[in-house]
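Only one chain is shown below, in structure tokens, and it's the form predicted alone.
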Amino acid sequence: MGRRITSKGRFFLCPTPIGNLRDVTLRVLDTLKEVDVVAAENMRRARFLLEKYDIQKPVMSYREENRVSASKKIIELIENGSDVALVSDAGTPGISDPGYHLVLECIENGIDVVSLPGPNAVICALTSSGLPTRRFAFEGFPPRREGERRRWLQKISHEERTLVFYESPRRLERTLVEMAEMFGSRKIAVGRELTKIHEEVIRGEITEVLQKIEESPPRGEIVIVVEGAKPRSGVSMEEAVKEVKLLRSQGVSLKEAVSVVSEKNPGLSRNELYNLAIKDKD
């Protein structure tokens, strides 16, 4: 596990498989064998992995619901010289899970934090999506409440980097409908059950993928990868609204006018332009 810098123990972030148990690294297995305690977001899954590789270590619970009390116990263990490993429900700890808070507490208490490389659903989905990987933004889970989610999607609709999201299969269809409204016509890839037997990646325009999802609703863990927005044109939104207003004065319908102006000015949000044009009309 490397040289110990202080008399304190160390804290290890140990990525675990997101599906296929053979994806665990040799270094993670060595670390799990050598630490004193394993803290787990899902104790059942953690024990299953340890048993699979004949590792016998005490396992304690560390999840969102008990992270405050569990953090105190873990910090105390490390302060007294014990090495502690953290494993998430699946994948790399600290990504959209409570491990982030424990990392901060360890740093604040002068504890050595060691992050091991390993499985991660975001990278797995991104690299298999066929969308640009040079620059991307991971946005986690979209908000659950519809109004909040729509405002959030509107806010990031101008992001030019490839976007990556987690989503529940129960909310996937509704989220894709709203993405189509807020993002317009973009390529996406929806990955489910990555690295597992029933792994599937559905690619295409948002509306095309949505149709496939409606026909065969997916189950399991979901990752959505979305093409970034096209670079904004030199036309401001205010100028675009004026163009729409001019077309309206010539007898063109609002919907058609917005379509013409947005297609002429790549990068402008069609949805935002439509809403502003309605307000200007009123």
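All values reported here derive from a predicted model rather than from experimental measurement. Don't overthink the numbering: it's just position in the shown sequence, from 1.
Below: the form predicted in complex with a small molecule, not depicted.
Picking from 108-116, 191-199, 173-181, 148-156 the stretch near the small molecule in the model of the complex, with a 4.5 Å limit on heavy atoms, gives 191-199. Of the heavy atoms in Glu227, none are within 4.5 Å of the small molecule in the model of the complex. Put simply, Asp83 is far from the small molecule in the model of the complex: not one heavy atom of it is within 4.5 Å.
Although the partner is absent here, Ile222 lies within 4.5 Å of the small molecule in the model of the complex, judged by heavy atoms. The small molecule in the model of the complex comes within 4.5 Å of no heavy atom belonging to Ile206. For the options Ile74, Val164, Ala90, Leu131, the one in contact with the small molecule in the model of the complex, meaning a heavy atom within 4.5 Å, is Ala90.
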